[in-house]
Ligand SMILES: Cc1ncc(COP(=O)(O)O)c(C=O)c1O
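Here's a solo chain for you in structure tokens, the form predicted alone.
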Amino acid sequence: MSNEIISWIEISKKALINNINIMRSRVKPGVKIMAVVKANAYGHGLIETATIAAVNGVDFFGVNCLDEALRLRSAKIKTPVLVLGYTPLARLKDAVSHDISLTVYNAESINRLQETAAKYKKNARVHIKVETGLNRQGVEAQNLRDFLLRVKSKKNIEVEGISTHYANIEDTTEHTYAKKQVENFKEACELFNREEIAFKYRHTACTAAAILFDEVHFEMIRLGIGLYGLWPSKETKISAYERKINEFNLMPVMKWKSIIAQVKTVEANSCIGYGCSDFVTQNSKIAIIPTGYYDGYDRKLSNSGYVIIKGRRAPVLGRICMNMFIVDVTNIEGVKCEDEVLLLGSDGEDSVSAETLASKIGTINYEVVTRINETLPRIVTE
């Protein structure tokens, strides 16, 4: 690593390809895989991740917003892209002109899309999101027929897909609610057929659903957290085990590293860091790591986190600062300035997993990786 960088993310090309192949083997032949690369590819680097995925078996990309989609197009990535979130009416023209598919559920979007598509003399591709029980974005069942009739009346709108999203498939091993959502989704699809509205893709399956339930693969799945080698939840792992889905070896894609900025000795009973929130009971050697909560290393890891240096764990001492924190390296031999520090990932037999950090700060692995500052370099490794 260049000694000009003090904190960086390493992205394993091998692990990313492995995870795509694992999921490809899980779904039926012909089922498309949408790689969800929203939120800077869950913190892994939008362009870095998409560039690898585009040539390794991914059929679609899912992003949150139009700006993310346009970044993919600027990077010469020609794979179809679907905006999963909301696109402002004033920006629909950018989606149409760049051949970007949109998730829709508002009459206002449909009306403006028709005007925009007619102006550009091309079709606007849409995926209609139906509400099945999450009660987030989507067309409610009682309004769906009127919405479909509105879409059907527009000449320049092509219905490319139908989608929905599950409410608690990751949070439980009892999936009655998810199964009810599937029933609601199938009823919505029947309405599309009755109104003679053609579509290419039905997609409901996030990573957890795609792993657990063959019947919801339909024509396309949305591979999100699993793309990055992380399990959606402990409950998903348990459910997979119960279903004897054992050969599912996801490989974490990300390592987060920094360096040591200073090594110093402090006397016994010295306070450490802001608020004197920690102290050492013996003469100790400490190291300063030039990464902090601005970079995404959560402040709740104060006095509780650990990093790996030279294959050994170094516990966090004191509070995490905005741009640095302190670790105890008393029991690690030969530590010196600019030695490499592993904040997240595996190092030989030991690791700092996203799940471990999540448990310490009271959140989920999704948040741990997506909150890493986008300005940190993402470096692809073989």
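Counting begins at 1, following the sequence as shown. What you see is a predicted model; the values in this text were computed from it and never measured.
Keep in mind that the form predicted together with this ligand is not shown, yet the notes after this line are about it.
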- line: The one residue among 206, 188, 308, 260 placing a heavy atom within 4.5 Å of this ligand in the predicted complex is 206
message: Quick check on this chain: which one of 217, 255, 125, 222 has a heavy atom within 4.5 Å of this ligand in the predicted complex?
response: 222
query: in the predicted complex, do 171, 237 and 243 all reach within 4.5 Å of this ligand through at least one heavy atom apiece?
result: no
- prompt: Hey, in the predicted complex, is residue 352 touching this ligand, heavy atoms inside 4.5 Å?
  reply: no
- prompt: Can you check whether residue 136 is within 4.5 Å of this ligand in the predicted complex, heavy atom basis?
  reply: yes
query: Looking at the partner-bound form in the predicted complex, is residue 321 within 4.5 Å of this ligand by any heavy atom?
result: no
task: Tell me, yes or no, whether residue 313 is in contact with this ligand in the predicted complex, where a contact means a heavy atom of each within 4.5 Å.
output: no
- prompt: Based on heavy atom distances of at most 4.5 Å to this ligand in the predicted complex, which listed stretch, 313-321, 353-361, 53-61, 33-41, is the contact stretch?
  reply: 33-41
- prompt: What residues of 355-381, in sequence order, lie within 4.5 Å of this ligand in the predicted complex by heavy atom?
  reply: 366
